[in-house]
Every structure is written in structure tokens, then in C-alpha cells.
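Okay, here we've got a single chain as C-alpha cells, the form predicted alone, with questions on binding and movement later.
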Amino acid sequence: MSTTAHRPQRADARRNREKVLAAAAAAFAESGLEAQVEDIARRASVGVGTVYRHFPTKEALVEALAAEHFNKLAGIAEGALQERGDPWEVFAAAIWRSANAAATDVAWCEIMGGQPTAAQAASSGQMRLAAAMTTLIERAQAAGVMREDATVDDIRTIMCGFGHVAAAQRAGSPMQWQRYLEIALDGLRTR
């Protein structure tokens, strides 16, 4: 049995991978999924071969970024679990923090709006996010401040819709993602 598959990356290889991911995040945030691998390599100050050594396809790079983003969102939701106060306010603040983290990222909105394979590749972060959001929802429902029939799937739908609206807004549509999110959250709240 070969041990090469389990050998840790050298420090310089880890640094290069991190540089490529950071450069890809910046390029995709700015240009969307149309960003070119050559631009990513230039931003990372590495050769194109280095990008492909870590990420054999552009799709693999997008999937790695989706995984990082879902982990970031999971961290936001898990952090909200530690907050005290009105359960609705805690829940809504977590949603707004997540939306603000995503709103300026063209690629993230494109992924949420129409790249399901990349989003599916981030299952670990998605499971963490779903677990934390479920707890936040249950707390708000137990306090009587959220609709009893609200589920974590509703939050997924809202965030996917948010991705469409944010991408459309960036393309010149008069739709405002903040208004969309306010209306969606209002629909979850009890009166």
C-alpha cells in the first residue's frame, strides 16, 4: 500500500494552494465564473501549471471555493448559536451577516444561482450550516417569533434566491438584494 496519497503537503505547496485559492476568490468575486485561470495564476504569482497541479479543472477550483464559502457561512451560523438575546434578532442577524459576506462576491451569487455541482461539493460545510440554522430556527419557533412551519429548506431557498437577485442587481437590474432579503425574512416572522 502506498503512503504517498496520505503524505502531507510541503509547506511551499500549501502556501501555493492558499495563494491560488485567495487569487481565485478575488478574481471570481470581481469577474464571476468567467475569470480565467491565467488571471488567477498571475494574481497568485504562480504559473498556470501550479494552479492545475492543485486544481486539475476550473470546476475543481470553483468547488474548493464553494467549500470554503459554506464553511465561512457555517462559522457565522455557529457563532450566532453563542449569542444571547431575542431569538428572532439572533437568527435575522446571522442571515444578514451571511448575505453581506456573499453580496459582493459575483461568483458566489452565480454558484448559488446556478452552479449546483459546486454547491453540492461543499457537503461538510453545508451540513454544519444546516445544523446551526436548524437550531436557530427551532429557538425562534420555541419563542413564538418565527412561523411554526419554517424549515432550513426555506432558508436555502431564500439564500439561493438572494444569489439570483444579487447577481441581477450587479448586472444592472433595479432589484435590490437588501429589499428581497427583508421581504423574505418578513415572511418567516410571526406577527
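Because the structure is a prediction, the values reported are computed rather than measured. Counting begins at 1, following the sequence as shown.
If you look for the form predicted in complex with another copy of the chain, you will not find it shown, but the lines that follow are about it.
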Indicate whether E182 is a 4.5 Å heavy atom neighbour of another copy of the chain in the predicted bound form. yes
Give a yes or no for E59: in the predicted bound form, does one of its heavy atoms lie within 4.5 Å of a heavy atom belonging to another copy of the chain? no
In the predicted bound form, L21 touching another copy of the chain (heavy atom, 4.5 Å): no
Contact with another copy of the chain in the predicted bound form for D153, defined as at least one heavy atom pair within 4.5 Å: yes or no? yes
Another copy of the chain in the predicted bound form reached by all of G47, T50 and H69, non-hydrogen atom within 4.5 Å: no
Option from 38-46, 141-149, 24-32, 60-68 whose residues, in the predicted bound form, bring a heavy atom within 4.5 Å of another copy of the chain: 141-149
For the stretch 177-191, which residues lie within 4.5 Å of another copy of the chain in the predicted bound form by non-hydrogen atom distance? R179, Y180, E182, I183, A184, D186, G187, L188, R189, T190, R191
